[in-house]
Structures are given as structure tokens and as C-alpha cells.
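Okay, here we've got a single chain as C-alpha cells, the form predicted alone, with questions on binding and movement later.
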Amino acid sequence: MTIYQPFLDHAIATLEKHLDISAYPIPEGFERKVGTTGSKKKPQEVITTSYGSCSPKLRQIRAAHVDGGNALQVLNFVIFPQLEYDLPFFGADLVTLPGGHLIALDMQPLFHSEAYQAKYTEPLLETFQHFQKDLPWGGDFPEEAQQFFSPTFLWTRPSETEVVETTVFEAFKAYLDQYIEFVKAAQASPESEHSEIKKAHLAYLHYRAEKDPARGMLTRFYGPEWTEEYIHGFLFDLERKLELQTA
């Protein structure tokens, strides 16, 4: 079992237990993709698998899980709310490389007003502070990305795999539990706010699609054509979906 498979298994089971989950369509060719990395003498198989679901309040729950054996392990797990709710995004970028681990976990805000922070950041502050003691700040983060993260952004670089398997996993579970509570309590926003919510979604997705740190890695494994279609046609597909609705 890979280091992040338990994270994904837990997320799926927890969401299915607490929310009305149904399948989200994964475009053909993206369910499972096999490539190689490493040298010709010592090739390492790399398998990327995708997961997709949705619920009445969540437009897309999706994961990309990359298993490259000892070369790399990656789980990118993101939840996008429906556009009539002001819910934040749930985002987990979990990366393991031979040199260590890169962990990013957050409920990424649509807005930065005091009212929004009171609603979605303050309930998580105690949890964030609890885990921050053992998962210290991981260092510089791109300035242009900072607008998309909350004050409870856990960004850390643990050196020990055991820390990922224990403390990071507990943090992931705690953040997901709180997010599910937000989803359960969420009420549709007034229609007058829907355009601003949509604008915030598109800004976030456009940034992530253009700056996706996995682009180079996936391109090496599977080529640019597959990678670009995977990014725009599945991982960050809102623009495509809206274009289809208006066509």
C-alpha cells in the first residue's frame, strides 16, 4: 500500500458516511494511466489513478493519486463546492520524494472578509494550532499564491515518514471532519452573491490550472497532450463545464 492510499480511503469512506455522495464522471483515459520514470537500466513504473464524486452541495470531489514507488508518492485531493454556496475549497497536496515530504492542507477561502473568516476560519483555529506545534511552517510560499490560502493553512516539510503516517494523517482527518460539518450546515447564498462566488471559483481554478506544480512531473511521465487535457478536462474542469452549459 502506498503512503497516501489510507488518506484517500479514509476520505472516501467518511464522505460516503456523512453526505449523499454520487459518482462524478471521469473522462475516458483518466481513470488509470501508467508511465515510467528513472533510467533505462532501472525504470520505475508510475501509476496515476483518479477518483471523482459529488453531492448536492459539492460540485466535484476529486483526487489524483500518483504511485511511483520509491521515486515519488503524491495525493492531490480537492473538493469544489456548488456555485450557489459560499463554502471554501478543501485542498490537500501531499507529496513524498526521496528527499522528504511536502504537505499542504487547507480550507481555501473564496473571500477574505472578517465575516467570512469568522464563519470558516475561526472554527478551525484551535485545530490548526494543535497540529502546527508538530508540523511547523514549511518555508517560503509563492507570493501570488498567498491570496488563495487561509490563516489555517498547514504547510510543512516533515523529514520523517512516520510523521506523515501519524500526525499529518490526523490533521487531514480533523480538517476533513470540520469541512463536512461546514457542508452539513451550509445554506445556499442569496442569488445576488452567486456571481461573486463564481468569479472566486474561476480565479482559483484558473490560477491552479496555469500554475499546477504537477504539470512538469505528469508531462515527463505521460506527455504534454495527456497532461494538459487531464488538468483542464478533469482536475480543474469548471471552465469547460460552464462552456458546455452555455453552448
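Residue positions are given as counts along the sequence shown, with the first one as 1. Predicted model only: the values in this text are computed from it and were never measured.
Here the subject shifts to the form predicted together with a small molecule, a form of this protein not shown in this document.
Practice problem: Tell me the stretch among 34-42, 204-212, 50-58, 180-188 that has any heavy atom within 4.5 angstroms of the small molecule in the predicted complex. | Solution: It is the stretch 204-212.
Exercise. Would you confirm whether the three residues 74, 104 and 218 all fall within 4.5 Å of the small molecule in the predicted complex, going by non-hydrogen atoms?
Key: Verified in the predicted complex; spot residues all in contact, yes.
Quiz item: Does at least one non-hydrogen atom of residue 128 fall within 4.5 angstroms of the small molecule in the predicted complex?
Solution: So residue 128 does not count as contacting the small molecule.
Quiz item: Within a 4.5 Å heavy atom cut-off, is residue 158 in contact with the small molecule in the predicted complex?
Solution: Taking the distances in the predicted complex, the answer for residue 158 is no, it never comes within 4.5 Å of the small molecule.
Quiz prompt | 4.5 Å heavy atom contact, residue 97 and the small molecule in the predicted complex | solution = Taking the distances in the predicted complex, the answer for residue 97 is yes, it comes within 4.5 Å of the small molecule.
Quiz item: Looking in the predicted complex, any heavy atom of residue 236 within 4.5 Å of the small molecule?
Solution: Output for residue 236 is yes: heavy atoms within 4.5 Å of the small molecule.
Practice problem: Could you work out which of 84, 93, 134, 170 is the residue within 4.5 angstroms of the small molecule in the predicted complex, going by heavy atoms? | Solution: Only one option qualifies, and that one is 93.
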